[in-house]
Ligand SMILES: Cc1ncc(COP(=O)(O)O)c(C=O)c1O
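Before any questions on binding or motion, here is one chain by itself as structure tokens, the form predicted on its own.
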């Protein structure tokens, strides 16, 4: 295998500045500060009525009214999904090798065996063809990540999962507002997780949410979120309640939910702005031979435009050129099999091997304008 030391990213984080185009920037809703202040002046600042309201409004908008459980992070939400799917020590789960480590770290808590699948080179989503090769009777779930906000091939993944009578668990951390064949991400699979970390489409400071189709799992999910305790019964003063399952401290707070609620009010505007930035990249870079845009050829799904990723030769030279013009770029996510916690053994994954040194993420957030994106494109098109 070739020496990859030359592909290291040595660029420090760029500070916000008048002429700088940073890679990410949190979106704080117009009414967010007032709503948080009101919450701080109320009785409830931990998990309270605003968390309930956020769950209801989110589910109505994105998940066809399915049960939703709001938690402290997307990682919390994924761990709950894996527990509710009854995965246990020794089970095998097929997962994407290319994702934030948060997708796969909860399996290490549980002793679940991780089976890494290759990427689709056109989208950087999980390869359906490789999933078909990997699946067997030991497989107990398929996890997919909608990279950058572009939905995976859900019909094909669901068909594979149905054949083996196992769930599909969607990591939709990037995909809030995305659609697949007219259906919102959140109403397709058994479990769908969302992230509200600082730089996602909407933020609760840090937070996450899990939606699921089986309404019978709602009470269990609430117990697992709060130490295994039936919280409503405890608040009712019934001290005979037993704790018979191990739970966690995974709750969202009303402070975070205040930001989330105000962000939902302007979500359509947020999504439209992000999609327009991605459109500028597409219109200005498609046809420029030195750059390949990832995920631009799927016409049966709607991109949520969390990030824009390009494939280039000599990535570091382009990063350096962009930095000279006060434009920040990075790889953001990495193949998980490079990390010691997952065994630090690169698997034979041809598409990931081919692309891993040459993908680059360009700035995309609501503090950018279309003109900013055009400026990025103009710099790229001068060469590097």
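Just so we're clear, the structure is a prediction, and the values are computed from it rather than from any experiment. Residue numbers count along the first chain shown, from 1.
There is another form of the same protein, the form predicted in complex with this ligand; it is not shown, and what comes next is about it.
Asks: Only one of 79, 200, 274, 225 has a non-hydrogen atom within 4.5 angstroms of this ligand in the predicted complex; which is it?
Replies: In short, 200.
Asks: With this ligand left out of view, choose which of 154, 134, 100, 264 has a non-hydrogen atom within 4.5 angstroms of it in the predicted complex.
Replies: It is 100.
Asks: Can you say which of 291-299, 181-189, 101-109, 253-261 gets within 4.5 Å of this ligand in the predicted complex, counting heavy atoms only?
Replies: Answer to the contact question: 101-109.
Asks: Taking this ligand as it sits in the predicted complex, is residue 74 near enough to touch it, meaning that at least one heavy atom pair lies within 4.5 angstroms?
Replies: Answer yes; at least one heavy atom of residue 74 falls within 4.5 Å of this ligand in the predicted complex.
Asks: Hey, in the predicted complex, is residue 315 touching this ligand, heavy atoms inside 4.5 Å?
Replies: Heavy-atom contact with this ligand at 4.5 Å: absent for residue 315.
Asks: With a 4.5 Å heavy atom cut-off, would you call residue 126 a contact of this ligand in the predicted complex?
Replies: It does not: once this ligand is placed as it appears in the predicted complex, residue 126 has no heavy atom within 4.5 Å of it.
Asks: Test of understanding: in the predicted complex, would residue 145 fall inside 4.5 Å of this ligand by heavy atoms?
Replies: Yes, residue 145 lies within 4.5 Å of this ligand in the predicted complex.
Asks: Any residue of 324-361 with a heavy atom within 4.5 Å of this ligand in the predicted complex counts; write them all down in order.
Replies: The one in contact is 333.
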